[in-house]
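Before any questions on how it binds or moves, here is one chain, the form predicted on its own, in structure tokens.
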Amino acid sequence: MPGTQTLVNDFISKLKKRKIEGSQATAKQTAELLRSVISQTRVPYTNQAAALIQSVKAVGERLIAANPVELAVGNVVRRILHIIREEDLSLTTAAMAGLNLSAVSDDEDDADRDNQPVLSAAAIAAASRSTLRPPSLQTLLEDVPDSAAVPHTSSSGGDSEGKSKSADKSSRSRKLKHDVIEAVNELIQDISTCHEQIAEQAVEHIHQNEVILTLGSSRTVLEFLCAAKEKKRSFRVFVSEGAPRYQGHLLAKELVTRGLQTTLITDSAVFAMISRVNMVIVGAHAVMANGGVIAPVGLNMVALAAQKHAVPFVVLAGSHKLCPLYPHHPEVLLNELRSPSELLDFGEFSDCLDFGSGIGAPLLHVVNPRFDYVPPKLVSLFITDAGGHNPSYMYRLIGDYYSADDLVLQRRATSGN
């Protein structure tokens, strides 16, 4: 079996070469890789969570740098960091609650009970606060005095107490890794089934004899529309072809294969056809913390057309596409340029693109962006595997999945480099 470092290097190579298609596949493989990293990480007796966090961050920084445009990688890294913090907090709170119960239930006289420190309800409540708010868990643990962490016992029981403490630490270390891996397994399962969970809500949003418009190709949109069809909903789908890759052709063919009435239109015909449409349903590459959407190129035009004609603009996105960063964040790379060969044939335009003609730079430049940014004011509703939400609520939904301590992962290069 290859080592963890070999797996990391292989995955980084795939990210750099863009060999993984789709955010779902990227997110799932990222989570599986980080699960292996956690499994192979050796944690000390103390600060087990810090060791796991450091290990995941070190790998996560390299993964994000390999393909900054694929925000699902950073999303999964931050989700797993949040999982580690939550599981450690859960174990710490349970241990503190156990100490409190043990202290108050001992059958001792008042004098002995006064000498034995008891954790207050305020301390336990402080430990159970969300990790999104300071102080961090590390700060919380450092604030607990040693006398409160270990009840006072007589010197005669020192040896047995030391052995018990060592066994407890070893057991807690194993339990933390076990709990984190189990939670990561649940995350992988959620990523794998996000299409089905979103599709289950289709019948609540698509009604009889409606006309739905979409652009390009999205498996989430495909499953969503087909789920409504299976519930005996009769409706028509307009598919904008999604130039220059024309992924809409593939979606239209698949919809017809599954028995849906489909009309294929050009991207430039969206404004002409939008007045006949009841709802726009599209997929997304990423959903930002402000409710903005990074989506396939051309969708901003569709969103503007929908707003102009008061047509609901609905975005489908799995929870692995929810990004805790804002569009202006320095770690967010909103776009990348694809090959000009998708737009034109170099043979026909060789004269315009010839650098050897002696006139310097070519007269013809080709720009082929991959993504559009759709501001939140153009979005009517988000449908995720956690349900439907307004754009203004997305920052709170995203806050449930991430910790504020993990928002910035990439180290800034020093001026000397």
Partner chain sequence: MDTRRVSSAVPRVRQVGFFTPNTPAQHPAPTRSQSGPPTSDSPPLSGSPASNSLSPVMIPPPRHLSDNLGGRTSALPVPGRGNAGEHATVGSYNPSESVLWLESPPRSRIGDAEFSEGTESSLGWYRRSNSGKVASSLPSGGFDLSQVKQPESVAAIEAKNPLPEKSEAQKEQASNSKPLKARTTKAERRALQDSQRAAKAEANKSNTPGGGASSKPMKQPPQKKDGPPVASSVAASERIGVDRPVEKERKKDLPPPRMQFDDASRVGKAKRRSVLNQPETRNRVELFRHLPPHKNGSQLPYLESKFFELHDMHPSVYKVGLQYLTGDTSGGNARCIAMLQAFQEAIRDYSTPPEKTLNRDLTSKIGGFVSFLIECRPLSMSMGNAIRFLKSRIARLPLTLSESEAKAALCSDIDRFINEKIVLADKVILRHAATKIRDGDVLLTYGSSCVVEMILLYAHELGKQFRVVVVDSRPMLEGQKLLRRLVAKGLSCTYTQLNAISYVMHEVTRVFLGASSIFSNGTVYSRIGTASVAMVAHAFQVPVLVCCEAYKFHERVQLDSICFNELGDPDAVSKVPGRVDVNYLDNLTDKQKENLQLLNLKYDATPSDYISVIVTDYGMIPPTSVPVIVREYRKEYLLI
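Everything numeric here is computed off the predicted structure, so don't read it as measured data. Numbering follows the first chain given and starts at 1.
Below: the form predicted together with the partner chain, not depicted.
Considering the partner chain in the predicted complex, which of 195, 205, 233, 245 comes within 4.5 Å of it through any heavy atom? It is 245.
May I ask you to choose, among 278, 90, 189, 263, the residue with a heavy atom within 4.5 Å of the partner chain in the predicted complex? Exactly one listed residue reaches within 4.5 Å, namely 263.
Based on heavy atom distances of at most 4.5 Å to the partner chain in the predicted complex, which listed stretch, 197 to 205, 292 to 300, 310 to 318, 76 to 84, is the contact stretch? Every other range fails; the passing one is 292 to 300.
Can you check whether residue 369 is within 4.5 Å of the partner chain in the predicted complex, heavy atom basis? Answer yes; at least one heavy atom of residue 369 falls within 4.5 Å of the partner chain in the predicted complex.
Using heavy atoms and a 4.5 Å limit, would one call residue 224 a contact residue for the partner chain in the predicted complex? Answer no; every heavy atom of residue 224 is more than 4.5 Å from the partner chain in the predicted complex.
Please tell me whether any heavy atom belonging to residue 182 falls inside 4.5 Å of a heavy atom of the partner chain, as the geometry stands in the predicted complex. No.
Is it the case that residue 249, even though its partner is missing from this view, gets within 4.5 Å of the partner chain in the predicted complex, heavy atoms only? Output for residue 249 is yes: heavy atoms within 4.5 Å of the partner chain.
Say whether the C-alpha atoms of residue 304 and residue 331 sit closer together or farther apart in the predicted complex than in the form shown here, given that their separation changes by 3 Å or more. Note: Cα gap between residue 304 and residue 331 shrinks in the predicted complex.
Between residue 331 and residue 293, do the C-alpha atoms lie closer or farther in the predicted complex than in the shown form, with a difference of 3 angstroms or more? Closer: residue 331 and residue 293 approach by 3 Å or more in the predicted complex.
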